[in-house]
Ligand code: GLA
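Let's start with one chain on its own, the form predicted alone, as structure tokens.
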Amino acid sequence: MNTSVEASIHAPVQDMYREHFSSECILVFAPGRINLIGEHTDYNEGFVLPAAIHQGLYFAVGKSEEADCQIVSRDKGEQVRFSPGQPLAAGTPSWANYFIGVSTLLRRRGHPIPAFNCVFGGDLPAGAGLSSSAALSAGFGLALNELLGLGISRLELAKIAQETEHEFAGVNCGIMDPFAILHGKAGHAIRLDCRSLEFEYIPFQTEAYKLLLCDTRIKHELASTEYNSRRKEVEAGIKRLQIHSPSLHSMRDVNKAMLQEEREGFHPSIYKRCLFVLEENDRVDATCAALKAGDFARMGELLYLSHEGLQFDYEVSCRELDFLVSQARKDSHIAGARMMGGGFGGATINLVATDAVGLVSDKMKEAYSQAFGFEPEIFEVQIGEGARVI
């Protein structure tokens, strides 16, 4: 990100902190993340290919001279005050759960967390599949780590952010989002093994293509409940396979031949869920190979295949997402596209020829508006550095 643009975003956060609080503060940036491919594989101990982006959230955090913690959301115009270690009051904004979750989990690990003040805000759209919730928990965790000199590793901070989602937000997600946010590298995606947490930086460097996100501006009510149910369905598949192969731990230990052999014993939907996970893991490796070879046409094909799996096998897409991908298929300027994120709304990620970004954006807006009565939000994302102190 251009430094002047970055300053225009974080300066108001710092200024608001100074308006509200007298104590000194540090400033931390936590980016959003995209996932090039490897959807719903992270909680199945599979492989993913995420990357940090330039857009994100800024946190001005300092020690409080009072007994209570105070957090201000600059973008929402909301403020929360609570006592350290105490539950939030009824009616508190949902974003506050991430702050109290992180601070609570740090205390459980034996780190004394005194009262603090925080102002946060940025340019990361919520609901577009850019993992704004993980940016909240990972960014705030890094801020407390730096402010208090806790010496916690980035991997441990990612685990804390994941636990926060589980316990304080009710989303049984994998570790991909906070890991990518805390380990991002400019110009590179991260091939992450979600079992061992070993990772490799994969170059994403091309002048020929840009990454364009088309946000449906839709979030269906099914999103959170169906996300958790998909996890349970794959776990049910594993339990079925364990009848004859008790050493299996997750879908990571299964191959297509094993799955096919037991197909008759599966409910059809559970078979499809398991098949998708196996094929999506293969697509991650194939995409890494394509990027290393500079074969973006092949990468585009794999994006389309991923969407087909998400639409028909994992069944987490929706008509708005499917419409955008079908429009992409008609456009020769788009090498590939797929839905990104948990599903049932959010955005598609599109690999678009650099010289056609404006044209593609206009055509997508017009077609979507005609179909649904309002325009999608379309914006370019660039792969950037991970969370850091400014």
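Note that the structure is predicted; figures quoted are calculated from it, not measured. Don't overthink the numbering: it's just position in the shown sequence, from 1.
Keep in mind the form predicted in complex with alpha-D-galactopyranose is missing from the figure; the text below concerns it.
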Out of the stretches listed (232-240, 201-209, 172-180, 93-101), which one is close to alpha-D-galactopyranose in the model of the complex, meaning heavy atoms within 4.5 Å? 172-180
Contact test in the model of the complex: Tyr304 vs alpha-D-galactopyranose, heavy atoms, 4.5 Å: no
In the model of the complex, does Gly38 come within 4.5 Å of alpha-D-galactopyranose, counting heavy atoms only? yes
Report yes if any heavy atom of Tyr43 sits within 4.5 Å of a heavy atom of alpha-D-galactopyranose in the model of the complex; otherwise report no. yes
alpha-D-galactopyranose contact in the model of the complex: Gly341, any heavy atom under 4.5 Å: yes
Quick one: of Phe168, Phe266, Tyr227, Phe296, which gets a non-hydrogen atom within 4.5 angstroms of alpha-D-galactopyranose in the model of the complex? Tyr227
